[in-house]
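This document opens with one chain alone, in structure tokens, the form predicted alone.
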């Protein structure tokens, strides 16, 4: 059987790192075995859903390389929900209720004051057809609840949490449809998972109680539920949920210079026993993706660590991957020379300026100026080949007796205007003979 996973965001805002981690893990779960990864836009909330967020979700997933094998929108599936809902009505697995939110809140408070669990008392099941007719005549529209089978324990083997057990007798029948006819999350999600052939549902541990209810919904349709797994949620580096973490979107990360490979490498293993490593090859990441490595402790997301990982990733990216992001004229040799000094690709322009000039003239001591003048003469006299730096420094070392910092630092300052930077053996050929001689003469 082909494994089919899904990512089901609501287009009521932009994706944040927690959403993206869920999407990535579902994509990896399918990718590892050559399965299918589906995108389902949960846009039943017409008031809050926005088309710009739908497009933003697609853009963010594409940026990360998480291309879905299919896409569905719940707003286009209302006819399906009506047909399946009618089956539940006919089988008696849903029923009409009329309590207001205030009445339900009062019932919960009374039960809690008596030391009892705040479970819905199913009073609506006692209503007769005459009662329903009277309420309809009075203009009262019902909401609908799913009738849990309280005589049957709810169990499933969770892919991360192990055997899960819920007592349906300690659960309230969930409201699945509002009085205005709109749907809540629970039932349409089950109907879609069946219709879309979803075999595996990997989501946050905040959905565990939802799963308990949905297991019975699948049974009500005569269908085995998917394989469920619930992962621990992300927390900030300080060890608790943070508002920033919940709002840290992909656009913000892109603007900060984070590469998708870095975010994928980090989020793929957060919450697992596997080390976070600077792996560029997503197939290598997918091959090692294993639910058995996930722990129960909250997964800590450290933005500073992401930037450190980003630098490691940048150092491994080939020229073909970054060429469209680099300054005009910056070729592969320049990228190979400069990338070890980058934390973010957008810093390449700064180092390319060092190559192309102009650069600031350094302030040198008198003896260093004499040395740099000799360097200009030596460079002008020596043949210019593919590797002029060792020839120049070798000549100067022999002629002046300088070595180490005394030899290399004044040269670097005169040629680049900086004390640190890319390997001069790679940088000097990029600067070029005439420009290098001119910089040495200017510094002297």
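Residue numbers count along the first chain shown, from 1. As the structure is a computational prediction, the values presented were derived from the model and not from experiment.
There is another form of this protein, the form predicted together with glutamic acid (GLU), and it is not shown here; the text below is about that form.
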message: Taking any heavy atom pair closer than or equal to 4.5 Å as contact, tell me whether residue 14 reaches glutamic acid (GLU) in the predicted complex.
response: no
message: If we define contact as a non-hydrogen atom of the residue within 4.5 angstroms of the partner, is residue 8 a contact of glutamic acid (GLU) in the predicted complex?
response: yes
4.5 Å heavy atom contact, residue 31 to glutamic acid (GLU) in the predicted complex: no
query: Within a 4.5 Å heavy atom cut-off, is residue 216 in contact with glutamic acid (GLU) in the predicted complex?
result: no
field: One stretch from 52-60, 39-47, 410-418, 65-73 that, in the predicted complex, holds residues within 4.5 Å of glutamic acid (GLU) by heavy atom
entry: 39-47
task: Would you kindly say which of 81, 185, 95, 319 lies with a heavy atom within 4.5 Å of glutamic acid (GLU) in the predicted complex?
output: 185
message: Using a 4.5 Å heavy atom cut-off, which residue among 307, 369, 77, 207 comes into contact with glutamic acid (GLU) in the predicted complex?
response: 207
- prompt: Can you name the residues of 186-203 that have a non-hydrogen atom within 4.5 angstroms of glutamic acid (GLU) in the predicted complex?
  reply: 189, 203
